[in-house]
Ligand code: HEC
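First, one chain by itself in C-alpha cells, the form predicted alone.
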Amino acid sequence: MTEVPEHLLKRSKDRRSAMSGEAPSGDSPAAAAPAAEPGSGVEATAPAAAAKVAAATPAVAAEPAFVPPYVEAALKRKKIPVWAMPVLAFLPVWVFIYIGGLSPASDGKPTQLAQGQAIFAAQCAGCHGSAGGGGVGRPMNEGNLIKTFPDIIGQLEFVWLGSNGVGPAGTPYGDPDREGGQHKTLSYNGNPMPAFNKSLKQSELLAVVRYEREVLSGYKIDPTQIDAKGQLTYGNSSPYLDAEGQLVTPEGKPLFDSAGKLTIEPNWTMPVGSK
C-alpha cells in the first residue's frame, strides 16, 4: 500500500475545512493572502506611485498675472484723505454761490427784445413775414424799416395808430427825405396797417418795435442806450417807459396825447450806425 505524503493530507484537510466553514488547522501553512479585488494589482498601485512622483517633483512657482501700467499707477497713486472729502463735496456749491454773487439778480422776466420777438411772431409775422421779408405788409428787412423811420418814435406812433389813424388813403408818413420818397397810407397792395392801441400795452409796443428795428432791419443801436436790465433809454439815459409802463419823452412827460399822437416831433435825421 502506497503511503500518502503528510503535506498532501494537510492540504486536503484544509481544503475541506474551508469548504465547510471551519477554521484551518493551526499547523497548516499560513493562509494565502486574500485574492486581490478585480482591478487591483499593478493598477491599484498607480495612484500611490504617482503621488510619490509628484511629491518628489519640486513645485514650480506660478507666473504673476500681467498688470497694465495705468492700473499699476492707479494702485500706487496717493488716495484723497478722508478729511478732504467733505471739502470737495462742498466745492460745486461754493462755486455756484460765488458766481451768483457776481451776477445781477434776475427777475425772471423776458428781456425787451425777447418779448418783442414773441409779439411779432403772434401778431405781425402773418403780414410782414417771419423774417420781415414782407408779404401782405411792407418788407422790414435789409434796412427798409430804418429808411422810413430813422427815429423810433415815428414808428411807435405809426404802429400805435395804424395807417387809418395817420390819415386817409394817400397820406404821407415817415421820413420826408426818404430815398425814393415818403410812403403813403394804403399804397402797398391797398392794405391798411392795423392799429395796435387796443391790443398792445405801450411797453409791449416798444418791445415789438425794438425787435423789428434791431433784429429784422439790422439797426445797430448805441450800447449806451441800453440799461442794466436791457431796457431802451434815450441818449440822456432817461427811460422810454415810466414806472407804470407808459411811453414818455426824455423829460418824463407822456409821449402820446389823448388821441395817440406824438407830443414831440420825431428826429428824421438818419441815426448813426443805422446803415
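Heads up: residue numbers just count along the shown sequence, starting at 1. Keep in mind that what you see is a predicted model, and the values were worked out from it rather than measured.
Not on display, but discussed next: the form predicted in complex with the named molecule.
Not displayed here, the named molecule is kept clear of A73 by more than 4.5 Å at the level of heavy atoms in the model of the complex. Taking the partner from the other structure, the named molecule in the model of the complex has no heavy atom within 4.5 Å of any heavy atom of N141. Shown alone here, V136 lies within 4.5 Å of the named molecule in the model of the complex, counting heavy atoms only. Although the partner is absent here, N191 sits close enough that one of its heavy atoms falls within 4.5 Å of the named molecule in the model of the complex. Taking a 4.5 Å heavy atom cutoff to the named molecule in the model of the complex, the contact residue among N197, S187, T111, S203 is S187.
Taken together, the three residues H128, T148 and Y173 all come within 4.5 Å of the named molecule in the model of the complex, as judged by their closest heavy atom. Residues Q155, F158, V159, S163 are the members of 151-171 with a non-hydrogen atom no more than 4.5 angstroms from the named molecule in the model of the complex.
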